[in-house]
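Considered here are two forms of the same protein chain, supplied as structure tokens in two stand-alone entries, structure 1 and structure 2.
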Structure 1
Amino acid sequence: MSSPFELADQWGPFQVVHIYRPQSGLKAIVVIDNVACGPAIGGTRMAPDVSLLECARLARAMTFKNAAAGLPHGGAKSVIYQDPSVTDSAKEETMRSFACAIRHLEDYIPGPDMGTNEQAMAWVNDEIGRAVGLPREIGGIPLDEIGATGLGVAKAAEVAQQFSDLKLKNARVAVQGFGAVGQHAARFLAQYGAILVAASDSTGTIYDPDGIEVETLMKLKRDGKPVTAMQPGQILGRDEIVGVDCDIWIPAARPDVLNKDNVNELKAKLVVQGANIPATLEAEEIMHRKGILSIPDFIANAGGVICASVEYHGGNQTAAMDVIAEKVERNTHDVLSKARAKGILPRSAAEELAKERVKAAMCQRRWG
């Protein structure tokens, strides 16, 4: 990058900070992308090799994700340049040093990301009283344990009934990636009358057209077994889940799992994106042409960041679940209405919605 302002456009970044502490060796960057909606929430990644450009892109994605979720928060991201597999005491030292270095960046609220976790956020919070994704003992809401993101995914599917001829009662569901997001999405959808017929993890797929008992499969995963250990059920290859006979397909594993080479195998009428960027743009366009409704990631999987925001504002678990349900329902409805009215991709409608919100917030502010 020849100039630090190469990244600048109408949205930001508001501040780019390079941090170096010669005594401790701490090296980090913070990109606060846009704070029009409020102080920026964004993860702190610990990794040896993330470029400033990548960090800035991730920060921008948080600006739009938080705005699309209707949160009073802008977007940011930070990177600590360190191998995350260091000892706990070395990690504590780094996190406390990082916290002191960002003490004055009051527009930035760090959260857990790759290489950091609740414990790391507890150290940051202890130093500067500002972090989200904290342990329960100090007011945190354990979002993966309670299924914050899975609840949002299920709520998005519930709203999608108004925009397709699909009904959740007896709808057959396939979940790719039976982890924190996938398990709870399946659990909440089962409460709405849907039937889990297939689930996969990194080892393979289990398929049973008569229905898979969600709680039993969750217990099996808690016991450290792969989904393919479930009985009864037919064992399929890991990627065969794309083509299983189902009504709702939920990606909850990796990016780009739906692409132009496999998207035509999908039999579902509805895709609810639990994972981040699980479909390429080409795949989204193909789905749109074929009449498969696909709810974009930053609308459907916003439950986690909404939960973090409720935690930051002092709310409890019950409040978090209520706010997730309310916000994801409303945003899914707004996005699908706009997509239908304009005949555009739901992702384009979601991006428009997020930009409108950031722009409206920017108009309320005087930047000095």
Structure 2
Amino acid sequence: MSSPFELADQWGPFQVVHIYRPQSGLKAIVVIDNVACGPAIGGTRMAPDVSLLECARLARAMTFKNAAAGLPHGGAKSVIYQDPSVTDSAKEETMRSFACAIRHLEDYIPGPDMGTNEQAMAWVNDEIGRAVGLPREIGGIPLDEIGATGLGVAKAAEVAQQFSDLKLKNARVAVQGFGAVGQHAARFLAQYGAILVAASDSTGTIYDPDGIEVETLMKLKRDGKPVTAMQPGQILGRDEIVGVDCDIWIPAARPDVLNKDNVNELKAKLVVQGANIPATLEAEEIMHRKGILSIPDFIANAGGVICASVEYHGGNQTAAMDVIAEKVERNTHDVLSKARAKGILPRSAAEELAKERVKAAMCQRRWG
């Protein structure tokens, strides 16, 4: 994709900004997709291999996610071309430079995403007074710490029991990408009686059909160790997690990890999309034909942005967790009910729901 106009349609993008600051070496892109519902909330992703296409697709997912959740916000996304494993001082310089570069983009409210966290948002907020997902010490609700997105993923899985023969009690769970989202999704699902049998990160996969102690694995990750350091368990390749024997498969890492080349390896009955755009459309269609229920990303992983919206409007952590549970449960039920009634993909049903809400907002205000 060489131009944002290649994906342009009636929904957006509203604004695309390419950023380069030679003094700091900052290279970034901001895509504000749609602001009909209000100022756009969307995370800031840091990775060396991000792209305009990825940013635009993620921004559109945020438009639909915020609309489906009934939030007074449009969708946006930003990407920074940098390895997130740089030193804290180097990351601080990058984030402060990025913040200064987006100061004038008042329709965009950045939040944490892959490669950034609450501390990164604190640096942004210190520069421009506009960010969400802030540390608790400065009045924020630390969504990664409390597991806001993971809670939503677990709630979506809970609702899915009504639309399949799957029960969470003793259900075997595999998490692809055992980071902030994946860890808390596993933690909340364990509270429902599910059993984590596999988890992966960039180093590989740990698999144990007898079950993996979630809290122990989370502590190991906090100590900076890979999942493959967990014992007991069988060490597999990073991508082998796609084919492990499980009931629930949770993608919680990069886009398009499920595609036509590997989706047939899935043995799960339910896929709950913890990551943004983790499956291609072809993969979604194949899962649907095989009878694998797949809950779309912008329905299942909306917990983080719901939490961010509650924070932005002055709410507290308790209120955020209650709103996440209520909204994700209701929207998951509405989407799966519509998909069943019409015989369509859950993603198609979810997009219908989101587009109806965005279209209604676009008719109510002058936004473009």
Ligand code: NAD
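For numbering, take structure 1's sequence and count from 1. Rigid core here is just the name for the largest C-alpha set that superposes within 1.5 Å across the two forms. Being a predicted model, the structure only gives us computed values, none of them experimental.
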Mark the structure, either 1 or 2, that is the form predicted in complex with this ligand. 1
So that I can tell if I324 moves, could you say whether its C-alpha shifts by at least 2 Å between the two structures after the core superposition? no
Rigid core superposed, CA of G111 - does it shift 2 Å or more between the two structures? yes
For E127, state whether the C-alpha moves by 2 Å or more between the two structures after rigid core superposition. yes
Once the two forms are overlaid on the core, the CA atom of T44 shifts between the two structures, in angstrom, by 5.7
Just grab the Cα shift of W11 between the two structures for me, core aligned, in angstrom. 3.4
Distance the CA of I80 travels between the two structures [rigid core superposed, Å]: 8.7
